[in-house]
Each structure stands twice: as structure tokens, then as C-alpha cells.
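What follows is a single chain, given as C-alpha cells, in the form predicted alone.
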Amino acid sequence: MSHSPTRRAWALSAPALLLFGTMLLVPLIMTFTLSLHSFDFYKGIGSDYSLHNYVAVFGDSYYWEIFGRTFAIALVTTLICAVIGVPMAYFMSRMGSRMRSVMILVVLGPLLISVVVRTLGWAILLGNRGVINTALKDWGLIDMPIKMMYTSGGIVLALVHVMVPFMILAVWAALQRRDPSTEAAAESLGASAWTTFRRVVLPQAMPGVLSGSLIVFSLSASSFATPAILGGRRMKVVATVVYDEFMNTLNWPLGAAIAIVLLVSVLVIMVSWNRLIEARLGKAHA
């Protein structure tokens, strides 16, 4: 009888679990199966199975460069989002309820606009004849336009604009569970504001920083629209390479293999990062 509530909970959640499991697993299995087929430009997709596409990905320095660039952009984006998001979330946690509601709407604002519209807006700002370069030339600060389009820096800038709300909300949710008396105790013992933030507030915000970092990194590594528009044909990332294989060269098996490698790589990085941070936090609280 003691297991009846648990069985009832599993029975009630079974349709949703079946639906989400099917929507998640079936496309992944089909993509992995597709990646094992061969491809010929004249015959199309073959019916055989092999690891030829994975050997091609791991044996070509071109793909190593693409993966390295993708993860570098995702890492820098995550670090910048953490630097911006942690203080912002801390200030939000100390605001009154009315001002905090306004700030939440401001933070969520970028997510309410289409990613394509946001990225086209950044293209207008960052172009050689864009708003930023035109203003700098009119003010006499530069003679030649600064190259920002089709660079990794331009992609990172636009991704930070899109991803920083995820970091702020994750850290803010963690700070809602902090104990305010610890800050009061630190201040009563003569600790400065910086020392209180670094030794008391930041450790309590670390679970939010961890979850926010995982979200931002995974979304940045797999983003497509922003790198495709701001990076163009010169600054490719993994997602745009997969798109090219599917839509331009029509080599679907190779595109599927690249997508599977990206998925596994992101999962390995996320699990390793999660275990590292949990071990550090465990030692800190021991």
C-alpha cells in the first residue's frame, strides 16, 4: 500500500514521459542511423552501414578547426554572461518587488524578439557602414572602419545579448534561497562590501552560476541563426557546417555524423563541468 502513491504518480506522468521520450529519442536514433550510411554524389545515400563518416570527421583538420572555433565562441560567451549576470542577479535580489518586476521584464526583453530580427539588428550595428563605425568615423576616432562583421567577436557580442537572460535568471533563482543573515553577520564583523560579496554571496550563487553556464554553453555551441548571419561564409561553426552538408552538398550522412559528434561533445563537456563544480562545492562546504 505504501507504494500506491508512487505508482499513481508514474501512471499519471507516463503519457507525458512517453510523448517527450518519443520526441527526443526517435529523431536521435534516426539521425544516428543516417550517419552510418555512405553517400555518393551520383547514387545518393547508400544502404550500407559503416563508421566512414565519423572517420572523415575526426581525420580532417578542417572539422577540428570548426569544432575548436565553436567551443571557443561558446566558452567566451559563457564567461562574459557570467561576469554580467552574477552582479545583475545580485542587484535584482536586493531590489523591491515592484522594481524587481520591471527589471525581470527588461531582462526577458531580448527573448521576446525573434532571434533573426535581433541578429539582423546587430548586423546593422556592426557592419562596415553600420551605426557603430559611422559614429566612430564622424567623431574622428577612426579613419578606417573596424571589422566586426564576419568575425568571432561579432558572433560572441550578439550571442551574449541573447544568452545573458538565461544566466541572470538562473543566478537570481539561486540567490532567492540564500540566507540574508549571513551577509548581516559578515558586515557586523567588519567585512567590506566586496569581501561580503566574494566570500558570502558568491558561494551561495554558485549553483545558479553552474546551471546558467550549462544552459548558455549548450545553447551557444548549437546556435545557428546568429553565426549564420553574422559569420557568413567566412566564419563557420558546427551548426552552419551541418546546414551546408544537408542543404548544399546534400551529403546527409556526413551532416548527421557531424551533428552527433557535436551532441556527444557538448554532453561530455557539460557532465565533466557539472562533476567538477559539484566536487569543488562539496569540498568548500565540507
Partner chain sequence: MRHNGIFAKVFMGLFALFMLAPIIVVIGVSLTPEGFLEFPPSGLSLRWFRAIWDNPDFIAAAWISLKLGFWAATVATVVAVPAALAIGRQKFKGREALLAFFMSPLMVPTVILGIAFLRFMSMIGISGTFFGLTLCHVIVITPYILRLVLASVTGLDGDAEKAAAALGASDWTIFRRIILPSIVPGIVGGWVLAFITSFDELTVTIFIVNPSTTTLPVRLFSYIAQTTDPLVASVSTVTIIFTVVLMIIVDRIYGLDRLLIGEGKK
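In this text, the rigid core denotes the largest set of C-alpha atoms whose superposition between the two forms falls within 1.5 Å. Numbering follows the first chain given and starts at 1. Quantities reported herein were computed from a predicted structural model and do not represent experimental measurements.
Note that the form predicted in complex with the partner chain isn't included here; everything after this is about it.
Proximity of residue 31 to the partner chain in the predicted complex: non-hydrogen atoms within 4.5 Å are present. Although the partner is absent from this view, residue 176 contacts the partner chain in the predicted complex, with a non-hydrogen atom inside 4.5 angstroms. Interface membership of residue 112, defined by any non-hydrogen atom within 4.5 Å of the partner chain in the predicted complex, is confirmed. Mapping the unseen interface onto this chain, residue 37 counts among the residues with a heavy atom inside 4.5 Å of the partner chain in the predicted complex. Checking 148, 186, 75, 107 for any heavy atom within 4.5 Å of the partner chain in the predicted complex turns up a single hit: 107.
For the options 142, 95, 191, 202, the residue carrying a heavy atom within 4.5 angstroms of the partner chain in the predicted complex is 95. When contacts are defined as a non-hydrogen atom within 4.5 Å, none of 51, 71 and 279 contacts the partner chain in the predicted complex. Heavy atoms closer than or equal to 4.5 Å to the partner chain in the predicted complex belong, across 203-228, to the residues 222, 224, 225, 228, ordered by sequence position.
Superposition of the core reveals a Cα shift of less than 2 Å for residue 264 between the shown form and the other one. Residue 114: CA moves less than 2 Å between the shown form and the other one after rigid-core fitting.
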